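We begin with a single chain expressed as structure tokens, specifically the form predicted on its own.
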């Protein structure tokens, strides 16, 4: 499949190809809960599981656990167990976690700065879509 300029010829990867390993990283980072965990930990302070769960309103313990494990596996955060009774477990971003956390914080800032325009566009689209018959795409015709 031709995806344009092939970076593999120059020692890079081609994110547009389905077997590109970068896609798995992008899929993880693009997750809503991953982004929120990164922003919550972006200040560099370690946080306990319960703190993160309270901070991320609506996340289930199962989803938070899966998200934290995936981020730990990719080297984005560290999980530190303190041998106390009861055990105390803290999560903190690694160096690469801080890098991506800064990028995600920029996306969060952009989202907040443009929220009114996005909401207006959404409302305009919904009003227009309610009045117009649905368009049939080429894929739907096939």
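Predicted model only: the values in this text are computed from it and were never measured. Numbering follows the first chain given and starts at 1.
The next section is about a form of this same protein that is not shown, the form predicted in complex with another copy of the chain.
- Using a 4.5 Å cutoff between non-hydrogen atoms, residue 49 does not count as a contact of another copy of the chain in the predicted complex.
- Within 4.5 Å of any heavy atom of another copy of the chain in the predicted complex lies no heavy atom of residue 92.
- For residue 88, no non-hydrogen atom is located within 4.5 Å of another copy of the chain in the predicted complex, even though that partner is not displayed.
- With a 4.5 Å cutoff on heavy atoms, residue 96 counts as touching another copy of the chain in the predicted complex.
- For the partner-free chain shown, 96, 99, 100, 103, 104, 105, 106, 107, 108, 109, 110, 111, 112, 113, 114 of 92-114 come within 4.5 angstroms of another copy of the chain in the predicted complex, judged by any non-hydrogen atom.
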